[in-house]
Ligand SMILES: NC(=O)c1ccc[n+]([C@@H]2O[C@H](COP(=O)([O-])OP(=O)(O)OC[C@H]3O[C@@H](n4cnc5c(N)ncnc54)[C@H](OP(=O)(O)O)[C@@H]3O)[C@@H](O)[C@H]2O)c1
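Listed next as structure tokens is one chain, alone, in the form predicted alone.
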């Protein structure tokens, strides 16, 4: 089968290769991939992964081999799933606890945009407890996770502030539910009950200083590649606050999340309460160009590759 693999010395660190088909565990199905998504985590890992690693977290397609243990949907079912790696291939093995049937009228492309962004958002927002009336800050809000998180926080009744790096990246954020849009967190006079933070560096330090007493910062990444320095004594004087580092796949195991939450997110697509925010949708033959655009922050929302 064909797959996209990591090649350290190639442009964009990838190339297409013929690789062995996956051998599923007893609780895994084989999905014939129709669409996969790009995520910043994959982009970053390509810079240091060994030759022949297959990237990709999100995959949507049809079940071409059912699970040996009898779990999961039947043969031919349209499904979307999430794996720690290996999704950028024609055939993907996915545990049945981490996939969901795609409803009628939801495309493969829309479904593929959901797992990483939707589950990361759900898990992060859950650390804020009941969000009705609370103030939530989302950094890097123009990206895939940010745009989904804005919608889910707004659905829960939160007052959402979106932080972005450039003014032009504000496009569409108010329509998604952002009540305020800022470039610099220090512009805001608001104390935040919850922060979803993906930038690291000084942005993370600013987020901590703008927490309300009892507030929480959930760190889901550090795309700036900068170290964070902050005043510990100042935080102690502020009162009880929390900094939580969230790793998606570890958190999914801890919380037992998977099929049920994917079903819920897909239902939000069906009822038009959630927009997948697909900014770019192209053949996977153009994966290199899409990766370059993602790295340059020229993708507002999600980029989806069609496996053709």
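Nothing here was measured: the structure is a model prediction, and the numbers come from that model. Positions refer to the first chain, counted from 1.
The following text describes the form predicted in complex with the ligand, which does not appear among the structures shown.
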query: 136, 178, 142, 100 - the one with a heavy atom within 4.5 Å of the ligand in the predicted complex; finding: 142
query: Contact residue in the predicted complex, from 216, 91, 223, 202 (heavy atom within 4.5 Å of the ligand); finding: 223
query: All of 120, 165 and 294 with a heavy atom within 4.5 Å of the ligand in the predicted complex; finding: yes
query: Residue 198: touches the ligand in the predicted complex, heavy atom cutoff 4.5 angstroms; finding: yes
query: Proximity of residue 268 to the ligand in the predicted complex, heavy atoms at 4.5 Å; finding: no
query: Non-hydrogen atom contact residue 247 with the ligand in the predicted complex at 4.5 angstroms; finding: yes
query: Interface membership of residue 238, the ligand in the predicted complex, 4.5 Å heavy atom rule; finding: no
query: Stretch from 128-136, 92-100, 228-236, 142-150 whose residues place a heavy atom within 4.5 Å of the ligand in the predicted complex; finding: 142-150
query: In the predicted complex: members of 39-71 within 4.5 Å of the ligand, any heavy atom; finding: 39, 40, 41, 44
